[in-house]
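Listed next as structure tokens is one chain, alone, in the form predicted alone.
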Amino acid sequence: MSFTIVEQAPARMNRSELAVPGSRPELFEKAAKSATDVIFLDLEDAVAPNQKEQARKNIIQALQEVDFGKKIVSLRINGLDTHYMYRDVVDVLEQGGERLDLIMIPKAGTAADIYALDMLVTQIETATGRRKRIGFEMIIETALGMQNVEEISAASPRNESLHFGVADYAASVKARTTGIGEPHPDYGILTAAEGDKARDYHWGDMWHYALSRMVVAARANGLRPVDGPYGDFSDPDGYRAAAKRAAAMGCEGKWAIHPSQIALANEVFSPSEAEVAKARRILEAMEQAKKDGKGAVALDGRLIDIASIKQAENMVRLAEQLGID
């Protein structure tokens, strides 16, 4: 282990994150009663310019009146390049009470973006005597943001999570797709030519590099990596496959742009009873190995060692949060 110890962001359940437009107040109560772990109230892409001000007022009222229970509540503000952003931050923090947990920063491009928002939020918290410190979620959704993802991750002690905004990222890098987080038939490879034998075509994951790089930056700075949207909410199998890929790569959760996607995300990012049972057996086996003076031991025909303990502990810790026996 490096002498540099990475401080971990506050532990929060982040399996599913439901997007709720601020211009649709009739959806707030439904979101609060849903099974999602996190709700982000949106003032950015889901809200038309002529509705921005009213959407902001709707969210302020919701933070004062809606019972969100134990859910984590985030606010997606408008971009730092717009004239809406400062009022989003000032009005909601000054008028919305203490219920808000996080601010989601769209199109984070440089560490300076995060620094600027940190300064503004800190001044508001100090001036109003706010007791709950606001955390930051950053969406990496531009080529600039991906280039600077490491610096963005380390830019503020408020940082808690990184999110992959695949749609705007695709536009930013001029990818030849109009889908949102979906596979592309052109992103694949043919098997080698072998005489007259038919060649197979294997689809690839065109977002693998970007998501993987974001996950590394997040984990290196103690943040939660979260996969972004899957546009076709009529395709549960496609969503589940994308979520499984993200989970396998180290993400803790995925966006839900439709309520039907919440259960899918919660399912994929929750360990099964069998996985939890195996993790507990690993911890028991390693505890016995420690007593026997061994650094590694075989379990079910496979080697397990100190690294196995960390993986098992992560799974057991999540299971305990979810109440899985």
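Keep in mind that this is a model prediction, so the values were computed, not measured. Just count from 1 along the sequence shown to find any residue number.
Just so it is clear, the following notes concern the form predicted in complex with a small molecule, a form of the same protein that is not shown.
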query: 4.5 Å heavy atom contact, A31 to the small molecule in the predicted bound form; finding: yes
query: Contact test in the predicted bound form: H258 vs the small molecule, heavy atoms, 4.5 Å; finding: yes
query: is_contact(L299, the small molecule) in the predicted bound form, heavy atom dist at most 4.5 Å; finding: no
query: Touches the small molecule in the predicted bound form: R24 (any heavy atom, 4.5 Å); finding: yes
query: Answer range among 55-63, 263-271, 286-294, 38-46 for contact with the small molecule, defined in the predicted bound form as heavy atoms within 4.5 Å; finding: 38-46
query: Heavy atom within 4.5 Å of the small molecule in the predicted bound form - residue from G135, G109, P229, G96; finding: P229
